[in-house]
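Taking the form predicted alone, here's one chain by itself in structure tokens.
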Amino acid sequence: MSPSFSEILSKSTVFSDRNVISPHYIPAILPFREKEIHKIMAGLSPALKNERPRNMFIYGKTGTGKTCSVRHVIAKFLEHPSSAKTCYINCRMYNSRYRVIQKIAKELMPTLDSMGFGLAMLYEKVMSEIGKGTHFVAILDELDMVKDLDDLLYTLTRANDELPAGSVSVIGITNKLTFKDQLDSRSRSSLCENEMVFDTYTTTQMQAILSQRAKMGFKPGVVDDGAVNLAAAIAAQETGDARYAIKLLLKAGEMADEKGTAKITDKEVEEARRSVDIDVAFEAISTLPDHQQLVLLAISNLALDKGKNTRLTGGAPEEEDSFLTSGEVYEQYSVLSKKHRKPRRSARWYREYLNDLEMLGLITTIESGAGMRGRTRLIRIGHSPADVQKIIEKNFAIIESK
């Protein structure tokens, strides 16, 4: 006999409010981000006085509180009566100039059926609406995912030259610390009026963040201090990502419920680590552009081949020999590009892909010393190559079956 929802819901649980133990939850107080929040608020405040806010560029690694801080500020901003409007845009979903303008049009004019409109017509409608006196702020999260980004930024930032009233401002958020260097000089000068960097959390800060969530989301006495400290230490050492630490705590709680235990200890955190690593890798890899996935697949394939050869020979390679050379990875990437009918990108783009993958924690790179290889970039994968290979091959099988 299959279980009923009543039976499942009646089971005891370690959670008091599961929603709080979520990377997407925005607490009323964001620890260790007071300075950044104040700066964002100061940058937006002119809109509440019917003046144009300055553009803002926010960057830092994944899980440093960038998006959480901005959304926290926007919630406060909207509490104040004004004619100003905002639109949060996830650029992984809205990844072209047309789709971003379409999203803005829908936000400003909810009844507008934008299907069938070309870019020029949508832009005119947006300008007409803002020109009535609205100070509009577009929050572009992960803006580096927009394919024609320079065109988008130029369109948005130069819109103010045409408006009879009102204004358009941009808050750009990205994980790529060197991203602004890739922008066209016109876009860079317009967007980077006000910049800030979100540093990674320290182990002590991570402990405080997890303790806050544990008190709010779990029943009293459920979470050992040691479990919080371990989750914080793992996250700080490996990624500096608070979202990763929170996911560890959430998964540990789920495992405690599955086992029917009333405590979360170091053991549950260690058990959660493997599962969360796979989830995080899947999430990060599945949203990568095709060529970055192909580079990562090349690294996975070579790492697996190297592991097989090591086992066959019984060798115990030196530390540097556990890395792959940049040249052999590029060669394998070229083979995979041809196999999947993708035009191979230049060596310059390939180096950028490596930088992006390293920034996401999917690979590690070092510069080799002078020697037989000469000077080259050495690459090592950051997750199980078999798991990574399986994820990417599945992604491409789905894409190519459509």
Ligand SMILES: Nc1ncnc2c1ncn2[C@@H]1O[C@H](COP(=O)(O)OP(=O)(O)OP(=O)(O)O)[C@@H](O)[C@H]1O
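We number the residues from 1 along the sequence you see. This is a predicted model, so every value here is computed, not measured.
There is also a form predicted in complex with this ligand; it is not shown, and the following applies to it.
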Based on heavy atom distances of 4.5 Å or less, which listed stretch (285 to 293, 158 to 166, 67 to 75, 101 to 109) is in contact with this ligand in the predicted complex? 67 to 75
Scan 142, 150, 129, 254 and let me know which has any heavy atom within 4.5 Å of this ligand in the predicted complex. 142
Consider the chain as shown here, without its partner, and state which of 134, 332, 239, 175 has a heavy atom within 4.5 Å of this ligand in the predicted complex. 175
Proximity of residue 53 to this ligand in the predicted complex, heavy atoms at 4.5 Å: no
I'd like to know if residue 337 sits close to this ligand in the predicted complex, meaning any non-hydrogen atom pair within 4.5 angstroms. no
Touches this ligand in the predicted complex: residue 265 (any heavy atom, 4.5 Å): no
Given that the partner is absent here, does residue 30 sit within 4.5 Å of this ligand in the predicted complex, heavy atoms only? yes
Joint contact, 18, 211 and 232 to this ligand in the predicted complex, by non-hydrogen atom at 4.5 Å: no
